[in-house]
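To begin, one chain is listed below as structure tokens, in the form predicted alone.
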């Protein structure tokens, strides 16, 4: 099953001009637990999917209290850089949508 079929919200946003944050929320405990225990959301996966060095992944956090997962990574260019293609951090969640969760 794909991540987009298990999560009720998958979104991205700027955490600063230098960091993009991804949020995933799940309506029920079973879907959250399935994704969390699968190991599919990890530093290694984020680096591979976003084609960035693992050192650029600031962190992956599982927040059980709200059935949420937060991922943050360094942007290749600051949001206000004249050649940046990511001013708002929007639509950066797309690479996660098709992740297979086993």
Partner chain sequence: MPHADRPQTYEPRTDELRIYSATSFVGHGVDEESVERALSYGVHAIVAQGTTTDAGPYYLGTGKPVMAEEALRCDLEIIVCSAHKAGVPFIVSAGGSGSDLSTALSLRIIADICRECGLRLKVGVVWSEIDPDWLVDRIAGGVEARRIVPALRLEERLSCETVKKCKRIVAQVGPEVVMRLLSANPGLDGVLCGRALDVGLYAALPLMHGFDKGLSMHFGKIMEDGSLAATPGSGNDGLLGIIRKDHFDVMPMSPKRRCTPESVVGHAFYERSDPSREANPGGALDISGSTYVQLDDRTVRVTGSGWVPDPEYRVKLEGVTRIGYRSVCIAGVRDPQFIRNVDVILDECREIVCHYFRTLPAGSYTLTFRVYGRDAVLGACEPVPVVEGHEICILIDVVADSQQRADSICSFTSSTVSHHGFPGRLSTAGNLAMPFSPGRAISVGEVYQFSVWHALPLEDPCEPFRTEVVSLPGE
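Numbering follows the first chain given and starts at 1. Predicted model, so just to flag it, every value in this text is computed and none were measured.
Another form exists, predicted in complex with its partner chain; not displayed. Remarks below refer to it.
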* Does any heavy atom of residue 94 come within 4.5 Å of a heavy atom of its partner chain in the predicted bound form? -> yes
* Does the 4.5 Å heavy atom contact test between residue 15 and its partner chain in the predicted bound form come out positive? -> yes
* Asked: Taking heavy atoms only, is residue 10 within 4.5 angstroms of its partner chain in the predicted bound form?
  -> no
* With heavy atoms only and a cut-off of 4.5 Å, decide whether residue 36 touches its partner chain in the predicted bound form. => no
